[in-house]
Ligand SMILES: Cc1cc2nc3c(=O)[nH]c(=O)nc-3n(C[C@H](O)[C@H](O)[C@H](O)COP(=O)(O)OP(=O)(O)OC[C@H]3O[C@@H](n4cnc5c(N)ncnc54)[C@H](O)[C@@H]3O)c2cc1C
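Only one chain is included here, represented as structure tokens and corresponding to the form predicted alone.
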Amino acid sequence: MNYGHGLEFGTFITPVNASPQTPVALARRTEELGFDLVTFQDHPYQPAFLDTWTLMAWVAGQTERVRLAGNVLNLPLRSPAVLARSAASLDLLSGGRLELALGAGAFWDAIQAMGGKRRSPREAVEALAEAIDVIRGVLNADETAPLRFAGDHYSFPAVQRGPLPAHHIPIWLGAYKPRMLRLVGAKADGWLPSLGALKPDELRTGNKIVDEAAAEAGRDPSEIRRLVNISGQFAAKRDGFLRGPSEQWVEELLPLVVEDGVGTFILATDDPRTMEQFAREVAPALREAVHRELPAPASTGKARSAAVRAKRREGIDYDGVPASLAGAAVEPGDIGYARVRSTYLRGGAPGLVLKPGSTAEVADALAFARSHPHLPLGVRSGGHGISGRSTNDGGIVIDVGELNTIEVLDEHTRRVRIGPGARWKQVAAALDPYGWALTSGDYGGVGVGGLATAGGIGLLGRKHGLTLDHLRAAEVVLADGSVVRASDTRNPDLFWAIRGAGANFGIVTSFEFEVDEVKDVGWAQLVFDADDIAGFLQRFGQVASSAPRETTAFMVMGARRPGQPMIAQVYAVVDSGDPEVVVAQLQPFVRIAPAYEPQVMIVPYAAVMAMASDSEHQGQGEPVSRSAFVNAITPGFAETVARQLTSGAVSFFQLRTVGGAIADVDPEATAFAYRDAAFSVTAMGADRHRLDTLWDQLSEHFNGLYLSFDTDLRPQRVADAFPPPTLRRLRELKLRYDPDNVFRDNFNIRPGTPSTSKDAS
């Protein structure tokens, strides 16, 4: 029978140390010839051989595409916990190209001479079974608790898991005897014997044992790839099995695929001419023959195992994922799920994450989400959204992180096109060689999409305005799946709406911005004694709001801690590379309060953005954050904030200076309407009820809020974010562009008309 695996080919190379560059050259040649896999013998006790793991690491750095494996790795001389971490590391370094093939052990005298433990055949199989559990446990980096394992052959009191590999590393077993074959069926991802070591019909008999063991373990036998090592000799005349011309090889290998289910042939040879003839004459001809013989084409995808399918969430038609997204769908059981389940601050457990790579695939993903109206829907660009629901529990997430291109469209007009998945540090780095910058937030790890559709209050804001003020056009996938262009001249009402309320109207798949000329800037990081909290807040507010437009300053405080001085951190950008201008504009800040070792430097704006971490998001729990705009830091406001910081209910408090160029824009020009504010204020805490209660006490000072930093889901927040005329217009447009309220899992603007209730809930 055939198991539906796409046909693959590899090489099996001897790692001789007499000429150490020879196996490396053969590996490179393997890749050049189009083989899928290169493997190496592993006999650590063999003095004529290089260490296989070291060789694979070196080859990984000398190649780009071909996958690598030991054939097979000698487990008795390798700790499974260390092997798992080594495998994950090499997989990451190679871009997901490692496969793990294991053997239970042979040549026990040599193994014992190297310090390994001699085992009986039964013990060797039992130890291998335990090792597989340990390896898979260590590779399961989504589990945060240490791995504790107590077996008959291996014991690990507390192994730290990870790192998370780049892909699911399959475990193949070199096996011949029934006990080992049953282990293949129960736990492995592949069976890898050498064809020359099998007697006639043993391949078929072995398959039967593997299949029966898989069924007993609740697995589909098709989860297990069948691989064989083969060897032979090309010749003009036929002279035995795989000894003859290329067409003979094709004839003799074809039944192994069609009747015995072999999906991978690994050619054992150190002769580059044999490799070349096989690659050029046998592999393509065999593919064609298989295509003719099989009733249906072999799958080119990777079927999910029963263990992965067991973690699927209810209510999702996993089998109905569009074919265009089959390779871009991440399920809870997938190895990559840990990378996409959570965001920067919020822990999540979505039922499915779709990662489209084009606008058409975004439309396909959205169509799939529309077919599940009962589930939460999150749209994610960079995953830093504090307020937006770019993760969820049991729902669908459309992650546009792969749409991250940055392209200069017109150097004369400084017009650029940027994908929503790009990060601001990448944008800044791409624009820097031109002497340009695009005002963004204060952290380079944030994604473009969420920030550019909500506002974009950043460190260049007072000089250059909001990020969305630089938007000139956008490509948008609407709720019905149609793709439109929005600009001042095409769909201008939609263009108005996505600049400030974009999350409610569609998925932007590309932005066209007009960027600014920005050379070097002054970058200041200042730390102050702020024991007089209220006084410090007032003085900062006065200095920051009256500073020249070139200077944009942000301030952060934490909760007061008993016995420790109160500290305030101020970081600011002066849009000038002139040291005298920078010092002059920062001097009033330094006089606010006693400062601790102020740091000021002249750097490219890209260097400020580059300080962001590239680490993966591992948010936990649910952030609790509140936001507002204020027109001034009044004594009453400052004193109330001081009490909240002293109470411990507020663990993080930030003032972001706005005004300047932001206020130059007509408040009716975009859906971002609160243009006259002087500061954007954010507070975070651990207790939602307590923080909301305290924040409500400040409401008399507020004039709007910035949705990006607020997690309060009470309906009134939407009304706070948009003045009544703006909100009425948004509700009318929502009825036109998203009447079914597909984009609802955010601060939702419900569809409405002028005659409907003014309540935005």
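Start at 1 and count along the sequence shown; that's the residue number. As the structure is a prediction and not an experimental result, all values here were calculated from the model.
One more form of this protein, predicted together with the ligand, exists but is not displayed; see below.
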If contact means a heavy atom within 4.5 Å, which one of 663 to 671, 326 to 334, 236 to 244, 377 to 385 is the stretch that engages the ligand in the predicted bound form? 377 to 385
In the predicted bound form, is there a heavy atom of the ligand that lies within 4.5 Å of any heavy atom of A365, even though the partner is absent here? no
Taking any heavy atom pair closer than or equal to 4.5 Å as contact, tell me whether S708 reaches the ligand in the predicted bound form. yes
The ligand contact at Y344 in the predicted bound form, heavy atom, 4.5 Å: yes
Heavy atoms within 4.5 Å of the ligand in the predicted bound form: does F156 have any? no
Which residue, G447, G206, G174, G465, is the contact with the ligand in the predicted bound form, using a 4.5 Å heavy atom cutoff? G447
Sole residue of R499, R225, R626, R389 within 4.5 Å of the ligand in the predicted bound form, by heavy atom: R389
Which residues in 394 to 422 have a heavy atom within 4.5 Å of the ligand in the predicted bound form? V400, P420
